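Only one chain is given next, in structure tokens, and it is the form predicted on its own.
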């Protein structure tokens, strides 16, 4: 049994996963792992996708890399997908959601354009990542959280930090 919980923070690119996860790691003293950075640093990919301007993640290599770390507990995983991680890894799955005009502005500032921009906006409109999370994990551990503003992020970090504290005392 883990002594600390594992949390997955997921959502469409631009919803604030990394910012929220970093603040949450600081508040809870849990370890933050950004899957995009891990994939690049450890070369856990199968090359580059020119259409979407990103690495093609090798899900098996990522899971192999994380298995022991996740068993120890106390990890915040930050990634825009969630359906390939083993269900047993997570005690809480947070899906960040952002109003589409706010998301459009954030992604445009990052240089997203064309199919990459359209695809991500459509994912948010149709709540694809929330549905993916609900299909992949027990619904009672999945929580959608609004992430439009700094105030939203602060409120989310405070709520999850409180959950981590209560989890620790009941585990």
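Positions refer to the first chain, counted from 1. Worth saying up front: this structure is predicted, and the values here are computed from it rather than measured.
As for the form predicted in complex with ligand ADP, it is not shown, yet the points below apply to it.
For residue 138, no non-hydrogen atom is located within 4.5 Å of ligand ADP in the predicted bound form, even though that partner is not displayed.
Within 4.5 Å of some heavy atom of ligand ADP in the predicted bound form lies at least one heavy atom of residue 110. In the predicted bound form, residue 18 approaches ligand ADP with a heavy atom inside 4.5 Å. Within 4.5 Å of some heavy atom of ligand ADP in the predicted bound form lies at least one heavy atom of residue 153. Across the options 140-148, 44-52, 120-128, 61-69, residues that bring heavy atoms within 4.5 Å of ligand ADP in the predicted bound form belong to 140-148. Between ligand ADP and the residues 106, 116, 31, 134, the one pair within 4.5 Å by heavy atoms in the predicted bound form involves 106.
Within 4.5 angstroms of ligand ADP in the predicted bound form, the stretch 1-16 places a non-hydrogen atom from each of 12, 13, 14, 15, 16, taken in sequence order.
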